[in-house]
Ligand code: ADP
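A lone chain, given as structure tokens: the form predicted on its own.
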């Protein structure tokens, strides 16, 4: 069996096992692992970026590579309703790289780490034929803020924190040599994260996840972990003007950028009806949670199955 036959998530299922330590509150299957220590919850997450896949040095300035590497991990902590604290950075570098490039790369990581109160306290450095960056971030939260993928209930509303698809639109523009419109390109190069609203949303959300692999994929993750179904209303998915403009330039459907693109690092969250007004200022309603037997579907004139977003190993 080849990896492309089962994909990233099929592989994870094959290699995962149930944790043995009783303090493990959440293991594999969420944005971060959760360890219960007394009345607190310690969060652990890690994410890897590979040259030629997640970034290309010909168009990605080193400082923004570093910013993206750190922000993508802090986004996972945000999606759990946590506060980030410490980071470990392991990096493989090509021997012919300039020292100044690496210094700029770390400047980007330190800029984002400083913004969110994170200390980089260690890691590892080695060489390789491709540049690879792996960042691991720890954080903590409390029972009132901890928000998992598994808490969604039938009848909940599904919201996203901001327009989606910008990062994928930017990537497609860069691949084809376009320099305009600038907003989607900048969204891909320096996506940021939503630590600014995550803790407020977590107080009222039943489930939450960050949009790293596209809206379709993230909705499916919540449905799988919560044991429910979902219906997304395609026309309610928020797109900004520049992303729509990019779609016209590229002759591509901008809704596909949002559904299947990823690396927006916005938040997707579910809330019970009684909490909807408390979070409306933080997002846009794009659908509802339904019974599991209704599946995961999208409404676009007719209701059809919602196919997954980006997945490693599958072209």
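The structure presented is a predicted model; accordingly, all values stated were derived computationally and were not measured. Numbering follows the first chain given and starts at 1.
Omitted from view is the form predicted in complex with adenosine-5'-diphosphate (ADP), to which the following refers.
- With the partner omitted here, the stretch from 205 to 213, 236 to 244, 170 to 178, 115 to 123 that lies within 4.5 Å of adenosine-5'-diphosphate (ADP) by heavy atoms in the predicted complex is 205 to 213.
- The closest heavy atom approach of residue 47 to adenosine-5'-diphosphate (ADP) in the predicted complex falls within 4.5 Å.
- A residue is said to contact a partner when one of its heavy atoms sits within 4.5 Å of a partner heavy atom; residue 28 meets this definition for adenosine-5'-diphosphate (ADP) in the predicted complex.
- Among heavy atoms of residue 76, some come within 4.5 Å of adenosine-5'-diphosphate (ADP) in the predicted complex.
- Though the partner is left out of this view, residue 187 does not reach within 4.5 Å of adenosine-5'-diphosphate (ADP) in the predicted complex, counting heavy atoms only.
- Residue 12 is the only one of 24, 304, 12, 294 with a heavy atom lying within 4.5 Å of adenosine-5'-diphosphate (ADP) in the predicted complex.
- Of all the residues from 132 to 156, the single one having a non-hydrogen atom no more than 4.5 Å from adenosine-5'-diphosphate (ADP) in the predicted complex is 149.
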